[in-house]
Structures are given as C-alpha cells and as structure tokens.
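Shown next as structure tokens: one chain only, the form predicted alone.
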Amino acid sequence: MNTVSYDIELADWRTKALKLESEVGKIIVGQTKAIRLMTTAIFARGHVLLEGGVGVGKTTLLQSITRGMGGAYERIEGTVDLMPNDLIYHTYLNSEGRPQIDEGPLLRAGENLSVFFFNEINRARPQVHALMLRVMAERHLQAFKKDYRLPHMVVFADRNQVEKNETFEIPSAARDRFMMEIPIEIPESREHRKSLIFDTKFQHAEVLTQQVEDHILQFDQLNSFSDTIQRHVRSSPVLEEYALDLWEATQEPARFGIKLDGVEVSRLVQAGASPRGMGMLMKASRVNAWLNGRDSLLPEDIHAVFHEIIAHRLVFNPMYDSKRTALARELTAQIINTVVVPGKH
C-alpha cells in the first residue's frame, strides 16, 4: 500500500470511528468519556470490565455500539447455578416433546459474534470464569466435535459491586485479562438526568438503539486495521522512558515520592501493573493518538487511558483492600501528577 492510500485508509476509519461515537452519543446521554474509552478498547481489540450500578444503561450502550460496528450481539446472565456448558449449549424439549441441543450464546453467531456481554460475571462460579477467560485469550472453542473460531469477539463484563452474597470475586490474574475497567455512572448534569426520567424515548431501549446507523464500521476488518494503527503511531525514546517510570511507580509508589492521606504508601501495593497491562496501556494510547488525528504518542495519550487500564490490575495489601476502588483511583491520579516526563522540570 502506498503512502497516500495508507493515509486515506487511516483518515477514513477515523471518520467512521468518530461517527460511531456521535451516533451512540445521540441516544446515550452524559457518557461521552465512557463512549470514547469503549471506542478505544474496540480499536485496540481489548476486552472490557464495566463498572457501574443497576439501570445505568450498560445494555443499551453495548447494543448501540454493536449496531454501529456490525456483527452479532450476545449476552448471558451470571448466576450462582450457571455452569460452563451453559455458555456453549442449551437443552430443551422440542415441539415433539423430545430433548434437543442447540448452540449456546458463545457459539450461536459463529464468526459473526462481535460483542459478548457477560452481565454480573462475579455471580458466576470460578469454573465459569475459567472457561470465559480461556475463550477471551484464545478466541476459539471446541464443541460438538468441531472448532469454533471467534476472531472478532470483544467481551464486555460487569460486576455486581453492591451485593456480596453468592458472588465470586474475579482474582487479580483474571482481571489482568481485561484491557480496561470503564465506569458507567449516572450523568452529573441535571439536564441529562431530567431527560433520562422525563423524556419518553428513553423508556424503550430497543426502539432507541434502532436510531443508531448500522454497520458504520466493518467489524470483521477491525483486527487488521488495529494492527495498522499500532504500526502507524510512533513513540519517542523520551516517552518510552516516561512509560517505564509510570510502570515502576505502580510497583513502588513511595520511591517516586507519591503520598496518599491516611495510607502508608510503602506498604500499599503488593503487585503493580503486569507486562501485559503495560503492553495494553501502550496499545490503547496509540489508538487515542490516532483518534485525535496524530501519528506520534504524547504523554496525554497515556493519561487518557491510564486509570482505566491500570487501576483494576493493582493488588493491594489486604489491610487496604476494602477501599481498593477509591484508593486505586487516588493512586493512579497521584502517579500521573507526580511522575515527571524525563527532560522536563
């Protein structure tokens, strides 16, 4: 591909990405940052944990994004009695009263599966998590004596963070498989809140999602185009040194002079970001640069995704674990504010 057609491809995909954000933003109010982060994850081909309460519009948001991407949308509900096989097949009595087996939600759409939503993943048992994480990593599954490929699937999962009974927390090694944890919060704007409860269009989610233009993106071309973005956006030696300093600050924050009120920072972190996590950070940062029309990385590209990629990976001393969500947010903010870009004073 020559330079001109290469630039045209990058610009054309960027126009489509921004159109997708605009279309989704018309029906999902007050979630501009979340939509941008989800767009970033899609183009970085990373799986996502969603953080947020009940009824904040996560399902509508995902269905809207899937409509704009193209491909199939599937979901499953996490329950204490969910078994791994429930993701693969389900059995029922047909019209003749005979037992029948059909492909389950992971396999139903085959290679057309674009978005898979695992609602309340922490209600499911660890053996279900294990299967899901393996499929996320390998994007294929053997069942019914054949191999099912899921090359275009991106998994979104949310956790019930209120109720503790009959929940199974996702261990740190499993959380590390998710590129980001993105908060979906109730909008702060009073006008947005008023719209959500008084504008009748928000009462019919299915009708709402149909207003999003379909197939803005070619979902089955995202893998190859993601590689194009990674080749296109360059980093500098200075920025690479900065990224390494940020990584070390997640492991030894006290060494960088980071302070948190009421916390003995030297005892806070048991494990910082993993090499996989830092690789995902740089991958998403390059996508952020491309979405902003640049072909070189800046510190602000890392800052734009730092908390969402790093916070859920941090393992804290058990004495601080009860406040991990707030402390992780505070720590990532302090790392960004404290660690200096090499060569800048």
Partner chain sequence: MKNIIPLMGFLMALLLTPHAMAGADTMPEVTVTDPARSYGVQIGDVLSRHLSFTLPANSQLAKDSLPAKGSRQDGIELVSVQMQQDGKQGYVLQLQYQVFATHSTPVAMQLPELSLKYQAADGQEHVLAIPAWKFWFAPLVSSNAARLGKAAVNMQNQFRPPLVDMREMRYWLLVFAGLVVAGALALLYINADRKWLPFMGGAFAEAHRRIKRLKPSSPQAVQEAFYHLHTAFNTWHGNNCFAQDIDSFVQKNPRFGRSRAAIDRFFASSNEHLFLEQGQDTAETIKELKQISKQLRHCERGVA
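Residue numbers count along the first chain shown, from 1. Treat the numbers as computed from the prediction; the structure is a model and nothing was measured.
The same protein also has a form predicted in complex with the partner chain, omitted here; what follows describes it.
Participant: Tell me the stretch among 236-244, 136-144, 269-277, 123-131 that has any heavy atom within 4.5 angstroms of the partner chain in the predicted bound form.
Facilitator: Of the options given, it is 236-244.
Participant: Does the partner chain come within 4.5 Å of any heavy atom of residue 18 in the predicted bound form?
Facilitator: Outside the cut-off, so no.
Participant: Hey, in the predicted bound form, does residue 60 get a heavy atom within 4.5 angstroms of the partner chain?
Facilitator: Close contact is absent here: in the predicted bound form, residue 60 is far from the partner chain, nothing within 4.5 Å, heavy atoms only.
Participant: Contact between residue 340 and the partner chain in the predicted bound form at 4.5 Å, heavy atoms?
Facilitator: It does: once the partner chain is placed as it appears in the predicted bound form, residue 340 has a heavy atom within 4.5 Å of it.
Participant: Under a 4.5 Å heavy atom criterion, is residue 317 part of the interface with the partner chain in the predicted bound form?
Facilitator: It does not: once the partner chain is placed as it appears in the predicted bound form, residue 317 has no heavy atom within 4.5 Å of it.
Participant: Quick one: in the predicted bound form, does every one of 296, 299 and 336 get a heavy atom within 4.5 Å of the partner chain?
Facilitator: Yes, each of 296, 299 and 336 comes within 4.5 Å of the partner chain in the predicted bound form.
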